[in-house]
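Shown below, as structure tokens, is a lone chain in the form predicted on its own; questions about how it binds or moves come after it.
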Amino acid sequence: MVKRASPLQIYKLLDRSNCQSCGRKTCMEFVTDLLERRVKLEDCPENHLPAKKRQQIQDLIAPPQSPLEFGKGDRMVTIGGEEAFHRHDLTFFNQTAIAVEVYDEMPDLMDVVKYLDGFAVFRIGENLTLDAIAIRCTSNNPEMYAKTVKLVADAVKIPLILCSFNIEILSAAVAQIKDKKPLLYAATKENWKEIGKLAGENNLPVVCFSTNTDELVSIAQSLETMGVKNIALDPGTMIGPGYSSATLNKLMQIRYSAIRDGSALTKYPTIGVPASIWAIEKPKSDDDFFAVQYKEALAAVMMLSVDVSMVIIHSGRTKEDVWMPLALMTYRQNIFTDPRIYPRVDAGFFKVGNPNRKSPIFMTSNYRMTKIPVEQDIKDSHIDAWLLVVDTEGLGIEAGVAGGQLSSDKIAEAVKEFKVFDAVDHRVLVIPGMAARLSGAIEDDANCYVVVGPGDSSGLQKYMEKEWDLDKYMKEYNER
């Protein structure tokens, strides 16, 4: 992996005045956040950082894989820009973008693009969305394509990818929506000069395409000499026995060369197109259709696994094949969780639904992927309840109990701090099954009656229907 700049290297280039103009208390805090991409170099004002030193810092923090931005506004997409080949080496900063392809002759095109634009699923505290729509030109008619692209651009906010090897077609579309900053797909050995001129004049990013890696790199270098700086590489996607591994190897070799060796020849984001299987295998029956869809899904998952910068898929245009983008977005969310930190939420005492003074109190940890699913399971079970979230330093229940981050005294402290039993007319606390061994100690430390709930929060509805008996619990508590 290319050696990362140290905070001290950058700190020495600052005036170290701690002026706080950047929104940070000290220059060292600014440097730390700069390396973690929580602030930008532009946040340091010009009067505190001369141009020469600014450029020196820019050169130090530039990632070995260049970033590429397309689209505008809140939904602008950034791909590439990575510093680590493996997530555990550092972290991945820009998640793999997922784009769905459509075409200009599609009968229900406007309904489809509006569906894709609004597609969102809330999972584990995040709103998961698609990142782009790739519009292919199948009409081979510049006027029709340009008109279609304009209609789509006016109807949606999601970034667009303009797909054609024909410069006339791309030029017509760019004339209509260049202010939306679409991504041009693609420059080839036949059209790179024209594409380069079009991209340069309109300050647009470009994807280079070739199944020959040397030729692909040559096209990218040629575009860069023309002044095109925002470039991505598509080495071609072939799916099937022998082909899938070759495709994956090419994508990995490009990333490896950039991130490990720091090669300027391969420093660009990579693009994979699992959708290409539909051009090769044309299904004739439902069984064929699902077989092709399955192969496309496998290819997309493989590409996500090796941090390909963007994938373009065919499936996912309708509610009938919604499983495809859902599976990819869920898998992507898991991959791009920063491995260097435990994702945590705030500890506290929360209402779920409309609890009253006889409602149950459930306890959980402040590990994000524990607290949020527990809360969601309570909501989905239509249980009005209170939720006590204990600070376990971001660990889940089982790990917290094993490591001591979740203990009876910590739970007792949380009960006292958040005045838990002031909100109800009972002293009953429901703890997760994985914390069962703490039950006796919790009763002593927190002066309460502990009920061991299900091992998984998905069982809460069944538990409440068959086992919850507040009068019984309070009777036993009072008889102790």
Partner chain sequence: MSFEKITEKLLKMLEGSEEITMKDFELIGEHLEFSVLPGIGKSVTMGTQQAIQQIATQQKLKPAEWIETKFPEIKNEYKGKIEEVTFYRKKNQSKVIIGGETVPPYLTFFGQKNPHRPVVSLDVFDYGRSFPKPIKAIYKDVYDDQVAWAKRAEKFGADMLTFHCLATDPLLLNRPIKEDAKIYEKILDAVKIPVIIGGSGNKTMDPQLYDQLGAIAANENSRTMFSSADKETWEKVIPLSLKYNQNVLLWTQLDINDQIKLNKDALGAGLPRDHTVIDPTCATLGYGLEYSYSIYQRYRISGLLGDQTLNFPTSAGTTNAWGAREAWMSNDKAPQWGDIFKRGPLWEVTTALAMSLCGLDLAMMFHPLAAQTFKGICMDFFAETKKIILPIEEWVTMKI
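None of the values given here were measured: they were computed from a predicted structure. Positions refer to the first chain, counted from 1. What we label the rigid core is the largest C-alpha set whose atoms superpose within 1.5 Å from one form to the other.
There is another form of this protein, the form predicted together with its partner chain, and it is not shown here; the text below is about that form.
**Q** Specify the contacting stretch among 73-81, 297-305, 151-159, 345-353, defined as having any heavy atom within 4.5 Å of its partner chain in the model of the complex.
**A** Partner-contacting stretch among the options: 297-305.
**Q** Given that the partner is absent here, does E465 sit within 4.5 Å of its partner chain in the model of the complex, heavy atoms only?
**A** Looking in the model of the complex, residue contacts with its partner chain do not include E465, since no heavy atom lies within 4.5 Å.
**Q** Whether D261 contacts its partner chain in the model of the complex should be assessed with a 4.5 Å heavy atom distance threshold; does it?
**A** The answer is yes: D261 has a heavy atom within 4.5 Å of its partner chain.
**Q** Against its partner chain in the model of the complex, would F93 count as a contact residue? Criterion: heavy atoms within 4.5 Å.
**A** It does not: once its partner chain is placed as it appears in the model of the complex, F93 has no heavy atom within 4.5 Å of it.
**Q** At the 4.5 Å heavy atom threshold, is P205 in contact with its partner chain in the model of the complex?
**A** No.
**Q** With its partner chain left out of view, which of K358, K193, K284, H382 would have a heavy atom within 4.5 Å of it in the model of the complex?
**A** None of the other options qualify; the answer is K193.
**Q** Just to be sure I understand the contacts: of I312, L183, M363, A173, which is the one whose heavy atoms reach within 4.5 angstroms of its partner chain in the model of the complex?
**A** None of the others qualify; the residue that does is I312.
**Q** Can all three of V113, A232 and D288 be found with a heavy atom no more than 4.5 Å from its partner chain in the model of the complex?
**A** Contact check failed for every one of V113, A232 and D288.
**Q** If you look in the model of the complex, which residues in 13-40 sit within 4.5 Å of its partner chain (heavy atoms)?
**A** Sequence-ordered list is empty.
**Q** Does the distance between the two CA positions of L233 reach 2 Å or more between this form and the one not shown, the core being superposed?
**A** Moves: no, less than 2 Å.
**Q** So, superposing on the core, is the move of G118 at the CA at least 2 angstroms between this form and the one not shown?
**A** Comparing forms between this form and the one not shown, the G118 CA shifts below 2 Å.
**Q** Examine M76 after superposing the rigid core and state whether its CA is displaced by 2 Å or more between this form and the one not shown.
**A** Comparing forms between this form and the one not shown, the M76 CA shifts below 2 Å.
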